[in-house]
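Encoded as structure tokens, the following chain is the form predicted on its own, with no partner shown.
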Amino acid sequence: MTLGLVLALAAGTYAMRLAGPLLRDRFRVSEHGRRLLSTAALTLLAAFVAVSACYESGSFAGWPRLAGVLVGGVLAWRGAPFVVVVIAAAGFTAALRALL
């Protein structure tokens, strides 16, 4: 049962990734449409980050997590290497949890 579900998800993922290159020449998206899709993707990502940072199991996750995500976001925005972003965010969160 589990193997079947994993294979079905793998096939669906592969089909979605394959659809882009195969359908690229069949559809034309205007420049306005491209900007709109880009903005929509960033909006969905920001909403996901906000919800993941603020809530865990239906309740508020706490200020340390929110502050750690904020530190990681600022470092990523400033162009810090991924490893630095992750370690700084985790370290800041852990330090705040230890203090509180």
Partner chain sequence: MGSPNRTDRGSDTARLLPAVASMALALAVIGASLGAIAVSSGVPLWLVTVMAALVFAGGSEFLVVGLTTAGAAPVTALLGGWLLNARHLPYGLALGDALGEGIGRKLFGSHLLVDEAVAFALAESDPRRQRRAYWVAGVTLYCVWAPSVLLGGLLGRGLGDPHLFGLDAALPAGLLTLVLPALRDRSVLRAVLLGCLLAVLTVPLLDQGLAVLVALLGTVAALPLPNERRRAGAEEGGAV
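Residue numbers count along the first chain shown, from 1. What we label the rigid core is the largest C-alpha set whose atoms superpose within 1.5 Å from one form to the other. Because the structure is predicted, anything quoted here is derived from the model rather than measured.
Below, we refer to the form predicted together with its partner chain, which is not included among the displayed structures.
Although the partner is absent here, Thr43 lies within 4.5 Å of its partner chain in the predicted bound form, judged by heavy atoms.
When its partner chain is considered in the predicted bound form, Ser30 lies well away from it, no heavy atom lying within 4.5 Å.
Within this chain, Leu100 is remote from the site of its partner chain in the predicted bound form, having no heavy atom within 4.5 Å. Superposed on the core, the two forms differ at Gly12: its CA moves 2 Å or more between the shown form and the other one. The Cα position of Gly33 differs by 2 Å or more between the shown form and the other one after fitting on the rigid core. Once both forms are fitted on their rigid core, the CA atom of Val83 lies less than 2 Å apart between the shown form and the other one. Note: the CA-CA distance for Ser57 and Val6 contracts in the predicted bound form relative to this form, by 3 angstroms or more.
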